[in-house]
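Let's start with one chain on its own, the form predicted on its own, as structure tokens.
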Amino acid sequence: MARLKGRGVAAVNYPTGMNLGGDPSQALIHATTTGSFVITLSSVDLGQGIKTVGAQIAAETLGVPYESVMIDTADTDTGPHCMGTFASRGTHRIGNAIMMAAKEAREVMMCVAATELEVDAGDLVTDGKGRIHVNGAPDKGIAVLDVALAAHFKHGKTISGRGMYLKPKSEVVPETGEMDPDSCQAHACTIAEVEVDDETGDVTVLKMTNAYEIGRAMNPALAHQQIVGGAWMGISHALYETTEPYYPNRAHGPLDFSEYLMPGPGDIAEMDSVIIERPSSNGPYGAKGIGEMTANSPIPAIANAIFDACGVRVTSMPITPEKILRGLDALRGNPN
């Protein structure tokens, strides 16, 4: 018996968004009488962090503290239209819509502040801490709260904005096949280190080293968490998950989640990940999508590492001990 170690590498590029007749998302924003801002979306937060990142984008655009922004995901009956949470489009599409809505709301906010201060709106800046003041004269200013109150009760104005991001559908050029199906592309590379037991066929993923180019990381902590979560999914797809282990034969498939194999907390590998920032020209503050591709590059990297360790090339998922042992038998001239 031997425990064979191997290393494998895989790289991917991943599109942000889809080419579905425009792939639009909308956002609405309004200020309350307490000086906070509510952003209404129909976009679903699946745990990827769109509520956090959306609030960050709005706060940066409005020039107000992050804590003063609330995200209301509403529902598809009452909220503004969104194509959906898929295609790694959330930060790019929804973030752009939020930024557009926030710019419109900021314009109203600054106009009301200018009226209150009796200055030109173009001379005003926000400090990001809840105040608006004359550029170069921080003492001549007004709190965002007071601007919101004045807008509501004195000027009869709604500090609000609407945003809709739309990438026009790209039709195929018949002569060349040319088209533009996405908005931008993110990139990733994973190096997997594994250990293969040549007696049992068991595979242990020892370490993953990842590099992700995602435009600009709106929230680096969330991005790193997505990399770890995606790597877990990649390990799960590569080595565990299946509903049809002998497809097209339906035998021995799991009947419920108690029989559906997935890695546990102890099976996650050591992680070393870096984020490379090369801002997108059309993303909100340069952002691209990261979500789905974090589960992609780990899978072929693990498969390549297994091949490097024991010489067995498995071309179907999951890479089970049975497949590895059959491959080892074939290499030894003992097929069965």
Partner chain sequence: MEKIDTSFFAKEREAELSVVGESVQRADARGHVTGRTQFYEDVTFPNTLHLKMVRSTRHHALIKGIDTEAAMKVPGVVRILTHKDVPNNWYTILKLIGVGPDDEPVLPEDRVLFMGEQICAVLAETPQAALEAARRVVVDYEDLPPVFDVEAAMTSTPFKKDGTNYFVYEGHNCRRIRFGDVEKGFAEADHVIEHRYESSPIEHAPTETTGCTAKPEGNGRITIYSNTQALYFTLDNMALILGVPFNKLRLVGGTVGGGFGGKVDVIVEPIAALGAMLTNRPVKYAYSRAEEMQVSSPRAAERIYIKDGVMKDGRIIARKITLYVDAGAYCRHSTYGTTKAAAHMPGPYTIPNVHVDAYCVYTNRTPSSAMRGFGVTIGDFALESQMDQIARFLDMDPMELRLLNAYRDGDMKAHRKKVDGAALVEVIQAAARQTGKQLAPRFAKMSSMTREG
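Just so you know, these numbers come straight off a predicted model, no measurement behind them. Positions refer to the first chain, counted from 1. Take the two forms, superpose them, and find the largest set of C-alpha atoms that agree within 1.5 Å; that set is the rigid core.
Another form, the form predicted together with its partner chain, is not on view; read the next lines as being about it.
S.K.: Would residue 96 show up as a contact with its partner chain in the predicted bound form if we use heavy atoms at 4.5 Å?
M.R.: No - in the predicted bound form, heavy atoms of residue 96 and its partner chain never come within 4.5 Å of each other.
S.K.: Heavy atoms within 4.5 Å of its partner chain in the predicted bound form: does residue 44 have any?
M.R.: Within the cut-off, so yes.
S.K.: Is residue 52 a contact residue for its partner chain in the predicted bound form, using a 4.5 Å heavy atom cut-off?
M.R.: Residue-level check for residue 52: yes, a contact with its partner chain.
S.K.: Using a 4.5 angstroms cut-off on non-hydrogen atoms, would residue 35 count as touching its partner chain in the predicted bound form?
M.R.: Residue 35 lies outside the contact set for its partner chain.
S.K.: Can you pick the stretch from 198-206, 114-122, 140-148, 167-175 whose heavy atoms fall within 4.5 Å of its partner chain in the predicted bound form?
M.R.: Correct option: 167-175.
S.K.: Let me know the one among 133, 157, 224, 162 whose heavy atoms come within 4.5 Å of its partner chain in the predicted bound form, would you?
M.R.: Selected residue: 224.
S.K.: Would you confirm whether the three residues 4, 235 and 329 all fall within 4.5 Å of its partner chain in the predicted bound form, going by non-hydrogen atoms?
M.R.: No, none of 4, 235 and 329 comes within 4.5 Å of its partner chain in the predicted bound form.
S.K.: Which residues, if any, of 256-291 lie within 4.5 Å of its partner chain in the predicted bound form when only heavy atoms count?
M.R.: The stretch 256-291, when checked against its partner chain in the predicted bound form, contributes 256, 257, 260, 262, 272, 273, 274, 275, 276, 277, 278, 279, 281, 285, 288, 291 at the 4.5 Å heavy-atom cut-off.
S.K.: Taking the rigid core as the superposition reference, indicate whether the CA of residue 253 shifts 2 angstroms or more between this form and the one not shown.
M.R.: Comparing the forms between this form and the one not shown, which are aligned on their rigid core, residue 253 does shift its C-alpha by 2 Å or more.
S.K.: Would residue 166 count as moving between this form and the one not shown, using a Cα shift of 2 angstroms or more after superposing the core as the test?
M.R.: The answer is no; the displacement is under 2 Å.
S.K.: Has the Cα of residue 20 moved 2 Å or more between this form and the one not shown, judged after a core fit?
M.R.: Moves: yes, 2 Å or greater.
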